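Shown here is one chain on its own, the form predicted alone, set out as structure tokens.
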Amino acid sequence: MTDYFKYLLSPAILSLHAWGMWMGGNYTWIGLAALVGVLCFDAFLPRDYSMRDQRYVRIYDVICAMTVLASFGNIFFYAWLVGSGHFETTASSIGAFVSMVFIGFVIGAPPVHELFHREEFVLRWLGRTGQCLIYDPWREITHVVTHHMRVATPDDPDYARRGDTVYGHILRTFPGQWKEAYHLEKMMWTKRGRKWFDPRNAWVYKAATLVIFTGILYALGGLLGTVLAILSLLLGPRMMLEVFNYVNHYGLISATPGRFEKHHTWNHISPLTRILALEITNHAGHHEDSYKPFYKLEPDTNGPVQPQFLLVVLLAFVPPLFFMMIKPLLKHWDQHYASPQEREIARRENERAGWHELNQPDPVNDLPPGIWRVAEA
């Protein structure tokens, strides 16, 4: 039964954060402090490959839906507090804003992603509407269609090739996603013989949702509350999702576009990260069947694993350190996981990136076989 209660960790941190904002002053940092504390503690825990209890799965769905609704309440609450001049000091204003950025990413985004993948109408509708919490209702289009079909190939806008920095990735992925989303939407209304402004087109509904969401923010928080609330969503869940994509697919190669295999993605299997991210870091399971609910995902006991999630995300912002971490892992992947075709593509990618050392075997310093197997973890 304890599996079900584990997923109350996110609502608990969200509630603590809301309480801290209400108290004001230095309490505005308390939600962020709790989140960072949990992730730091997670870094010292062994990997968790356990399956979840699936006797009463509706409990998971209720918690997930509650977290999305609570995240809506959180952003509306923040806009109202800003608009009413609640934060009296600079430190409290900064604390509330920075906490909104990171809690929006770690707590708010995962249940939105989980629900817009679902096949049940109500849950999927909530997930699609929840994309307002990343201030991009169109994100689902390229994620579900393009990303899951073309993962680990240059045709996937979410994919970062070897040698790419996170800054270059962010500048490239957004235009790529917008272009792909427009292409897919246009294809749909053209095939159905509709005008671009037909209200039955999905993009019209999404735009209307975003307008209503923004209107509520403005009614509660005025101009300043609206601007800061939207900015926290753009810098937090929206941009940080691309950092997440950057690290989770970095440099891996598929020679079979459209046919996913488990070694085509990185995983983060530490126990608290799995819980906070609603198993999205159990990444191979998610890509194997993107419509499978998070509590049914099976951790890959032999899949590529990166160091702890928070550490990798922080390293991504310092490219020399990130490359220092990722190069040995990529070399190990090339030697032990890649198919012959993928190994040849990887060799050319290493040359293109100027990472020639990855093509030179070094028996003394190369990582030994089996480092990602459960028995040797």
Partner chain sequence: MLKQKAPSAATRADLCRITVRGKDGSEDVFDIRRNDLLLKAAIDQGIEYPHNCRVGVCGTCKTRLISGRVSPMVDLALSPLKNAEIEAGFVLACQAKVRGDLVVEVKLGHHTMLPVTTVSARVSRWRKLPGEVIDLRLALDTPVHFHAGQYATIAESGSFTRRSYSFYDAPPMDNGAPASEVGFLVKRLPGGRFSEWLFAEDRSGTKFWMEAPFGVMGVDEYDRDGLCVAGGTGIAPILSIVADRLRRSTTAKFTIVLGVRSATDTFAEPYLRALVDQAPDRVRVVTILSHEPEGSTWAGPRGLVTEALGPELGLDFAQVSAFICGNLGMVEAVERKLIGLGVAEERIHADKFIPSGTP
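Residue numbers count along the first chain shown, from 1. If you're wondering where the values come from, they're calculated on a predicted model, not measured in any experiment.
From this point on, the text means the form predicted in complex with the partner chain, which you will not see here.
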Glu119, Ile345 and Arg348 - do all three of these have some heavy atom no more than 4.5 Å from the partner chain in the predicted bound form? yes
Is the gap between Arg259 and the partner chain in the predicted bound form 4.5 Å or less for some heavy atom pair? yes
With the cut-off set at 4.5 Å between non-hydrogen atoms, does Gln335 touch the partner chain in the predicted bound form? no
Quick one: does Leu272 come within 4.5 Å of the partner chain in the predicted bound form, counting heavy atoms only? no
According to a 4.5 angstroms non-hydrogen atom cut-off, is Lys195 in contact with the partner chain in the predicted bound form? no
The single option of Asp164, Asp300, Asp136, Glu288 touching the partner chain in the predicted bound form, heavy atom within 4.5 Å: Glu288
Considering Ile212, Met187, Leu223, Leu231, which brings a non-hydrogen atom within 4.5 Å of the partner chain in the predicted bound form? Met187
Work out which of the listed stretches, 141-149, 104-112, 241-249, 167-175, brings a heavy atom within 4.5 angstroms of the partner chain in the predicted bound form. 141-149
